[in-house]
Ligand SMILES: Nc1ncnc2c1ncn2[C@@H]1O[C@H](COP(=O)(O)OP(=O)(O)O)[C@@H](O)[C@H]1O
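What follows is one chain in structure tokens, specifically the form predicted alone.
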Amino acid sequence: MGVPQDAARPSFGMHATGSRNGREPAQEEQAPEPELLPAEAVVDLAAARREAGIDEVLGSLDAELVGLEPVKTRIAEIAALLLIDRVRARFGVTAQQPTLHMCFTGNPGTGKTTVAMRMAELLHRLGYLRRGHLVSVTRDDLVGQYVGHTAPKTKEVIKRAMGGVLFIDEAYYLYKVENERDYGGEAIEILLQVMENNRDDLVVILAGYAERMDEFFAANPGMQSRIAHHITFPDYTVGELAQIGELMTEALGYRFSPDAQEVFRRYLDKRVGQPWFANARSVRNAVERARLRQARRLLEQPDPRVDLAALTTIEPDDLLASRVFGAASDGPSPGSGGVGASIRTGHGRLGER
């Protein structure tokens, strides 16, 4: 999805030579600067909005993410400001380019990475990023294990991200106050320099738990001062989680039977209060486990003949077998090391039932 011709802008600073999929980016061409408009001219903002493709990106967010209205509202406000700034520039009214570095705080599974991807696309369409790709990393991608290892790793990641968005998940792990010999501080210093000097060609988004990010900023005031937008991602309600589950099953070519819909809602009521709940991630894992049980049920039923409805319908028994309901047929408990019973996250083992 390209930038409108009048939105093209020169790039500054480091130039990325790679991309997330490993392909070389196409040679970029700069469009000529449009002539300034006279003061009496009138600009159709609706047309400018359509030209920039803002509604298409915001529509994608609505289609991909249930709920999150405060987040979507903030993204729409940022898009509106940037569009107005671009229109003002056509009259010769210029201001310093706004700082677009951001911090996304919230629990796992609340859509932070998806919003970061759409933000990269939005900034590209508005002409603030020349490529609009997303490079998602964690501490391990930036911090080395010995002297002289961190700087090359960090700079290589930054090089790949130039022209787009660098998304650093669980960013607070970059700083380990308890370890004086930790090399995370070196990565932070490099990031600070690039966030200031190359902010016209790179947007950095830090993400993580709210309390942990507050501690990180308190220990790194230079990073705090470079973050312009702090966006909080709320947990999903049970109703929203049920809707997410319905969308996930449909995307996989399944459906809940009417009785299974009611059982799934009961499952969510119980699951949200249990340890290691991860919002949409936990819903996805619940759907996957229901598929496993459905497949086993079909193979073990007395009559081996099935039709399309049977192959595509999740029934109550496929959900009631979960340990959330006190069943014991799901294999090892989360703490027992069973591969099928848990997934790995940055915070330890996330028990899924």
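Please read these numbers as outputs of a predicted model, since none were measured by experiment. For every residue, the number given is its place in the sequence shown, counted from 1.
Beyond the structure shown, there is the form predicted together with the named molecule, which is absent from this document and is the topic of what follows.
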Is T113 close enough to the named molecule in the predicted bound form to count, meaning some heavy atom within 4.5 Å? yes
Does at least one non-hydrogen atom of R291 fall within 4.5 angstroms of the named molecule in the predicted bound form? no
H229 within 4.5 Å of the named molecule in the predicted bound form, heavy atoms: no
With the cut-off set at 4.5 Å between non-hydrogen atoms, does F264 touch the named molecule in the predicted bound form? no
Using a 4.5 Å cut on heavy atoms, which of V204, L123, I78, I244 is close to the named molecule in the predicted bound form? I244
Would you kindly say which of N107, S257, T99, N198 lies with a heavy atom within 4.5 Å of the named molecule in the predicted bound form? N107
Location of the named molecule contact in the predicted bound form, chosen stretch of 212 to 220, 156 to 164, 187 to 195, 273 to 281 [non-hydrogen atom, 4.5 Å]: 273 to 281
What residues in 55 to 85 sit within 4.5 Å of the named molecule in the predicted bound form, counting heavy atoms only? E64, L65, V66, L68
